[in-house]
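We begin with a single chain expressed as structure tokens, specifically the form predicted alone.
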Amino acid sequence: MTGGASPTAGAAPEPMVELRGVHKSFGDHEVLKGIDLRIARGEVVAIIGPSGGGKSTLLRCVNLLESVTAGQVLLEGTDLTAKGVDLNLIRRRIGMVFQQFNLFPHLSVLQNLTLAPRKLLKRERAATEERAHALLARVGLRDKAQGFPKQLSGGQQQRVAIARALMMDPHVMLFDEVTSALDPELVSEVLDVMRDLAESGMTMLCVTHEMGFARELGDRLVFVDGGIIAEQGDPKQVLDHPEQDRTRQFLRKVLR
């Protein structure tokens, strides 16, 4: 090396999340067939595709809720599949919100938010509760701190679930069809929270059937079918002018 050049000069920035040749099988059924995907810091990636195509399995492999059969999953350069990695420690950097809300029914909203930071991160009660109140205000539920999940609508419970994930200060957020279990009139309030997160610069991977959300806020649209990434690109380009026949067939069904 000459001229005092930095070894990283001109190098592409390290991705927040990277999947390298990821395969996942359940018995003899191969669900993922060699997924390669790089997600940049602050990027919002919308993942779409038919039921059974592998999109939710892909998402769950990012934090190894599903162990990969082959390949590597990296978070900020750390290989989560390497031997000796403290997976529980790494997972704290990954927030995940599921289709079902998974709130503890016997705990108040405030207790649902503060349990993990106090138990896992050993944070003080006062600071943790202050943070919880701030996040509840952010998701429009300032007045629900002392309520219980059964007293909330589905949309409110999902917003609590998002706030609970944010309590761990994740570096990336995973959303797995978070609006599919909601009544149509409640979808927009959850999407508004996700929109706020996207605009704040949060790295997000969203398995979704909300094409309007993907078009408006996605930096990239990834179409997963048959265990492979069949097409990806700018959401508007993919939605309006898909290149692959399989993508066109899928979109004709979901956009009509």
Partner chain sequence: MLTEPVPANSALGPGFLADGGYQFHWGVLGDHLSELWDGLLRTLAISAIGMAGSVVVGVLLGGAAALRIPVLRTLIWLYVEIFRNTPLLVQIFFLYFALPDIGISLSGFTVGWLSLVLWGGAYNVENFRAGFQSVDPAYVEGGRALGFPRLATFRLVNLPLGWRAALPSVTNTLISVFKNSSFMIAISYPELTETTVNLVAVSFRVFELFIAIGAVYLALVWLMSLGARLIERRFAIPGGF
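Positions refer to the first chain, counted from 1. Keep in mind it's a predicted model, so treat the numbers as computed, not measured.
Another form, the form predicted in complex with the partner chain, is not on view; read the next lines as being about it.
This chain appears without its partner; in the model of the complex, the one residue of Ser180, Gln151, Thr78, Gln72 with a heavy atom within 4.5 Å of the partner chain is Gln151. For the options Ala116, Leu136, Leu186, Met173, the one in contact with the partner chain in the model of the complex, meaning a heavy atom within 4.5 Å, is Ala116.
The putative spot formed by Arg91, Leu103 and Met168 is fully lined by the partner chain in the model of the complex; each residue has a non-hydrogen atom within 4.5 angstroms of it. Only one of 189-197, 59-67, 42-50, 216-224 lies within 4.5 Å of the partner chain in the model of the complex by heavy atoms, and it is 59-67. Proximity of Ala127 to the partner chain in the model of the complex: non-hydrogen atoms within 4.5 Å are absent; the residue sits far from the partner. In the model of the complex, Leu110 stays away from the partner chain, with no heavy atom inside 4.5 Å. Using a 4.5 Å cutoff between non-hydrogen atoms, Leu141 does not count as a contact of the partner chain in the model of the complex.
Although the partner is absent here, Ala145 is not a contact residue: none of its heavy atoms lies within 4.5 angstroms of the partner chain in the model of the complex.
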